[in-house]
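Next comes just one chain, in C-alpha cells: the form predicted on its own.
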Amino acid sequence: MTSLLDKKRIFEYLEKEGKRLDGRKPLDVRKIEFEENISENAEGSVSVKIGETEVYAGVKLSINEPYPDSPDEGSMSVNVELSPMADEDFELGPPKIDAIEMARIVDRGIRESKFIDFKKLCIKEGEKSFTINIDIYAINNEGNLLDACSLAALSALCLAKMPKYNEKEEKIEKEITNKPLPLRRENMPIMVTFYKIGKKFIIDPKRDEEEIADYRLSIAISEEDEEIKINAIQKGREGSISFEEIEEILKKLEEIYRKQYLKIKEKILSYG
C-alpha cells in the first residue's frame, strides 16, 4: 500500500516537474523485453517484461463443439492468474475479480480487432472446431500488468504453431506442425492503458502510481491504411471521466503508439 507521504510526492512531482519519481515523463514507457518459447508444453509461449513487471503466457489448442450461433468457427479462451508469487496482495484460489477483469479486457481487444480468423479453426461445421486457450501468469507485479498481459497474449499467439490433428481418431497429436495460427496479422491490436493522477495522465504506471490513480482507461488499437482504429475501450476504477478527458487521451494515443509501440508491434509480428 502506498503511504500518504509517497502519494504526496508522486502528486507534487507530476504537478510541479512534469515527471515521475523514476525520472520518466508522464507518457514514457519502461523498457519492454521478450523471451520466446519458454515452455515445451505449449504451442506457443513467451515471457514479457515491462520494467520489473513480468508475465508468462502460453497458448494451447483443444477441440470442442462450436457454439450454436457460430457453428463454422473456432473459439478462444483467455485466463489470467494472479498469484502471491507476483504480489503479496494477490491471493491463492479461484480467480478473483481483478484477474477476471484483466482476462476479459485482453480477450475483448483481440476478439474485436478480428486478429484471429476463427472460421479457419473449424474442423467440421456444427461438430468440431479448435479452441485457442491463452493462459497468462503474473510473475512479478511492479505496475501495468494489464498491458503486459496483452502484449504476452499477442506474442504467444504469433509464436504458436498448429498441432497435428489426427482425422481418423479425431484428436490432437502431441506433434506440432510448422503451420502458424490463422491470424490476420495486419489487424494486430496494441493495448495502451492511461491512468489519471490528479490533473495528469500517465501510461505504464509503476505499482505505487497505479494504486493512487483516480481511474484507468484501456484502449486496444490497430492500424488500417495507416490510420488508427479503436477496437475496444474499457474504463476501470471509481473515478469519473469527462468527455473532454476522453478527447485529450485520444489526441495523445496516436503519438504514443507511433513513437513507443510501433517497434514493439513490429517485433511481435516478426514471430512465426
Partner chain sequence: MNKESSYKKRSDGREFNEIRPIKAKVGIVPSADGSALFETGKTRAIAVVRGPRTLHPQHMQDPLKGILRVNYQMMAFSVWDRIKPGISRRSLEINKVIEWALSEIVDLTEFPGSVVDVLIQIPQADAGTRVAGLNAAVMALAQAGVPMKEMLSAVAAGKIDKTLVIDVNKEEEDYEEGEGSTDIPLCFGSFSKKIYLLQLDGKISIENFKEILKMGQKASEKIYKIQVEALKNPGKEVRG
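This one's a predicted model, so the numbers in the text were calculated from it and none came from an experiment. Positions refer to the first chain, counted from 1.
Same protein, other form: the form predicted in complex with its partner chain, not shown, and the subject of what follows.
Asks: Is the gap between E169 and its partner chain in the predicted complex 4.5 Å or less for some heavy atom pair?
Replies: Result no; E169 lies far from its partner chain in the predicted complex.
Asks: Are any of the heavy atoms in S113 no more than 4.5 Å from a heavy atom of its partner chain in the predicted complex?
Replies: No, S113 sits far enough from its partner chain in the predicted complex that none of its heavy atoms falls within 4.5 Å.
Asks: Quick one: does S242 come within 4.5 Å of its partner chain in the predicted complex, counting heavy atoms only?
Replies: No - in the predicted complex, heavy atoms of S242 and its partner chain never come within 4.5 Å of each other.
Asks: Since only the chain is shown here, I'm wondering whether E52 would be in contact with its partner chain in the predicted complex (any heavy atom pair within 4.5 Å).
Replies: So E52 counts as contacting its partner chain.
Asks: With its partner chain left out of view, choose which of E224, E40, E238, D69 has a non-hydrogen atom within 4.5 angstroms of it in the predicted complex.
Replies: Only one listed residue qualifies here, and that residue is E40.
Asks: Looking at E173, D117, E101, E186 here, can you tell me which has any non-hydrogen atom within 4.5 angstroms of its partner chain in the predicted complex?
Replies: By the 4.5 Å heavy-atom cutoff, the listed residue in contact is E173.
Asks: Which of these stretches, 211-219, 242-250, 55-63, 26-34, has heavy atoms within 4.5 Å of its partner chain in the predicted complex?
Replies: Only one stretch qualifies here: 55-63.
Asks: In the predicted complex, which residues of 72-90 put a heavy atom within 4.5 Å of its partner chain?
Replies: In sequence order, N79, E81, S83, P84, M85, A86, D87, E88 come within 4.5 Å of the partner.
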